[in-house]
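Next up: a single chain in structure tokens, the form predicted on its own.
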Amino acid sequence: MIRRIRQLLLMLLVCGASPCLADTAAEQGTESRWRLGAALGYGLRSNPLIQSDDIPIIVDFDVAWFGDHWFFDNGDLGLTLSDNALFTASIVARVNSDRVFFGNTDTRFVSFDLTGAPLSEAVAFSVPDRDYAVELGLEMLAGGSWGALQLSGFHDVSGTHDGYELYANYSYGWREQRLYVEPSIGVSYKSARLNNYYWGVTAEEGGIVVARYDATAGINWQARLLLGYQLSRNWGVSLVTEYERINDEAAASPIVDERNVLGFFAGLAYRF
């Protein structure tokens, strides 16, 4: 089955060294239904929200199981509809990743609003809370000597934002003995309802410090570079760097301080 390496912690840049480590099951002529691994190291992902902390990355676990039709891949639950030499098509249920930024925000007392105008007295302000959304969609994967292509579309089925996201990603892996290099580039279209739920500000949430803001649809861009070096059959060293440019509508929100999201992780990985 063709499956891209998913990142646990909702794309926090820890993919371990899975592409760099030898597939012991394949070497032994058997195919395991399980993929288990762990990575220990250090990394950060910047948080674009105002008065928010960057997201640290210390350890990650890679847990996946693939049956004849059903699979579980680091939080994603899927049903494979078609799997052949040309492509794989699956129905996948996942949790939206935009919510992860809202878990590292602070409540602070401010004496100026976001335009810089002074307030009569310091007031407490906290970034509005957002819920996780369960999304269901179709994912298509294709790969060959030319690289790997992923196309997917997801719609909210939990009633959280009622929006949808379309995503495309292209990657090309290159291996030279123990060294593995994989650059990739991706683009995602976020609908108005999805974008506005996470990055907009309602009238109830707005006030003295933050004005109401309605976000419409937008496009995010992402680039990533993965480097891995295989130390042994099970051990490897990996380095991942990632850049994401948030769409114009989200970047213009009063609760967003920086439109560029940067991340990295370097560590030692073990595949069971």
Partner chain sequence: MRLFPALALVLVAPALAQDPVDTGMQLTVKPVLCITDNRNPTCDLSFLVVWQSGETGYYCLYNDFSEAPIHCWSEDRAGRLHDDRIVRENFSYWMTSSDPGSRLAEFTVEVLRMDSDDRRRKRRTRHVWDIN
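Please read these numbers as outputs of a predicted model, since none were measured by experiment. Residue numbers count along the first chain shown, from 1.
Here the subject shifts to the form predicted in complex with the partner chain, a form of this protein not shown in this document.
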| property | result |
| --- | --- |
| The single option of 196, 105, 160, 184 touching the partner chain in the predicted complex, heavy atom within 4.5 Å | 184 |
| 4.5 Å heavy atom contact, residue 31 and the partner chain in the predicted complex | yes |
| 4.5 angstroms heavy atom contact with the partner chain in the predicted complex for residue 263 | yes |
| The partner chain contact in the predicted complex: residue 130, any heavy atom under 4.5 Å | no |
| Touches the partner chain in the predicted complex: residue 92 (any heavy atom, 4.5 Å) | yes |
| The partner chain in the predicted complex - contacting residues of 194-233, heavy atom within 4.5 Å | 222, 224, 226, 230, 232, 233 |
